[in-house]
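Next up: just one chain, as structure tokens, the form predicted alone.
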Amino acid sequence: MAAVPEPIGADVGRGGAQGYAADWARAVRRLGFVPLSAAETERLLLVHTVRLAQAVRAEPFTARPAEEVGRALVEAHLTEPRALEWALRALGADFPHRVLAAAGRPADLSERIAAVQGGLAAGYARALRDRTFAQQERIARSAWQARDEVEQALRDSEARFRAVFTGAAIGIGIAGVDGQIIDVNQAFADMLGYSIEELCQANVAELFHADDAAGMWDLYQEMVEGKQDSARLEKRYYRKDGSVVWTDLAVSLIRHDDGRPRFTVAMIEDITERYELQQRLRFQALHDPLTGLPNRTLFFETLGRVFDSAAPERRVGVCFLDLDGFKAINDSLGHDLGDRLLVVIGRRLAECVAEHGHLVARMGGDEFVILVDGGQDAVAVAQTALAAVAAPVHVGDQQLAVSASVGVVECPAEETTASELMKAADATLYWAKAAGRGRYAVYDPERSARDLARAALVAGLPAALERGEFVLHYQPIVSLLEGRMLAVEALVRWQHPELGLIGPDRFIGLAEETGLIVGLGEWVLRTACRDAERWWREFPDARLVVSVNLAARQADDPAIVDTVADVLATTGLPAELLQLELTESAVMGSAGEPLRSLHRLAALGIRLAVDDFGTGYSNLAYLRRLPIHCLKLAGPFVEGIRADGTDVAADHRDERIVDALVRLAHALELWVTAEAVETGVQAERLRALRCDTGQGRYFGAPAPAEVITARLRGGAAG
């Protein structure tokens, strides 16, 4: 055990020793791996620095402390040769001046430093040797007793190799450049189920697995030709009984002194269990744990490979399937039965396409997908899948009738991508679900484009309202008796920054679905009332009424009365100059609070009209219990009154219907407006039927407010 050094004395500079030790520590850490922290390394080397300084000035002088320091360096695992080189060089160059105080430098300092260097190197080397051969003590003792050191070293080398070769737990084999096996160890023989003698009569090519043979022989030839010295890979070998063993194979080429290939050494580890575990884990990662079918990850991997390797004209298709009403089954019968149902459906789908080799995967929940890669028509696959699903399912004591919806997409690989194909399949499945149960839908690019355009409009609606992209056009409503413009209907348009002016038929329904109709309807109401108030101030004698459509969701809004009252108060428009139009369905749905709201609206003094009368419920009961002022006859009745005389009987029927409706409305003291008046003949017949007002292109198409202003200013008769 190394002695603890004496405390630093006056002849050893503390600052110099610490600085030297710090430089030494940095050099050691820079030049190789050090198993100590920086601080630990520096403290250790400070101890050794002080010890070397004390050894240099000791009387009598001896290099043994330096040898002990060398051994201590090895024991501390500071064994990088370049670090030793640095230490020896620094001892001769920096040590005397940086570490030893002037008073502590003996006269024969140079000789002592040289001896310390030698002692350090000797102790370092001996310690390395001792550590290297500690486990080979018996071999070392035999070597020391040998008469011929060189011959004994060769024999020891052979003995060591043979010991490793024979006793190694992994297989080791040696083969000539022609592949003929020269020698193998017992582990190699046991691994493959042969005896050593049998293997030494074989060629390595005979052991190659059939699927690896070509590639392995090419690799072996490259090594024999000297193109590469080593290789490592996982490969299969045949056992003697025909079974397969997976191995981790490392092959090295041994050359003659002149560089010519001599033989190869293979080290082989049996990794069959590990490989099988990896395969099981991969299977679990790529397959649905419930049904055992490929999961969405494996499906998309396979689909990606199909697109990567497909010729441009090759057709690729998918059938995206979703069970109808599966949630109801889960909720009513329990998730356990639902899971068992999914297992049955998954098995049926896999079986019905098995002969064609199509991939069936479970995407999650009750969704499955079939990859149709080949000559079979995807629609035929969808029909087969629907039939397989539709057969009665017996789960436990339950018999279930199950159906599915399928979205079918098929096209040449060059026309799409994997992600686009699945987007199309998802959209098409939605079409099939919307059309009813137990059916398939085929992808239609034009319909998809319409859906995308519709989705884009839905997404743009909120911002459009904020940016003020909506505008109002007004269509005249004219007295059929006098020809004078009595009112205008406010019709909203969307001035889209990319698509131009869009009519309400393209976005009003979307606004109702998304709930934006309430905000949009209030904007229309306020804007129309502001325009009407300007017309009233400028043309008070015209008493022009503005008619604004009120959506069902607006009518159901409890705040509608307060909103209308606020608009009238804010704009200053007299209440009698505002008419709100409601559809028959909205009026028929009025009950409770909505019904009270209509009465409160009428109490404000505004007019209420039923739009498109005759096309909805046409229940006359609400005409007497609701505060309605006007009926607007639906366009189809007016359109039936044609001027060409092509269907006289139909014309008379439509006229009789209009006549009856007008008489009924007048009996209830209601005003009647005929919509969609396109010709003078229609206007004349409606006038003869005592219809009050008409609206349509004959009297004027919808136009901006400025056009209505100009018409009022010009005093046009209609």
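Numbering starts at 1 and runs along the sequence shown. The structure presented is a predicted model; accordingly, all values stated were derived computationally and were not measured.
Separately, the form predicted together with a small molecule exists; it is not shown, and the next lines address it.
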query	finding
Stretch from 200-208, 544-552, 307-315, 269-277 whose residues place a heavy atom within 4.5 Å of the small molecule in the predicted complex	544-552
Sole residue of Gly614, Pro504, Gly519, Gly176 within 4.5 Å of the small molecule in the predicted complex, by heavy atom	Pro504
Listed residue (Leu577, Val524, Leu461, Val245) with a non-hydrogen atom within 4.5 angstroms of the small molecule in the predicted complex	Val524
4.5 Å heavy atom contact, Ala122 and the small molecule in the predicted complex	no
The small molecule contact at Leu31 in the predicted complex, heavy atom, 4.5 Å	no
Partner contact for Val681 in the predicted complex: the small molecule, 4.5 angstroms, heavy atom	no
is_contact(Ala676, the small molecule) in the predicted complex, heavy atom dist at most 4.5 Å	yes
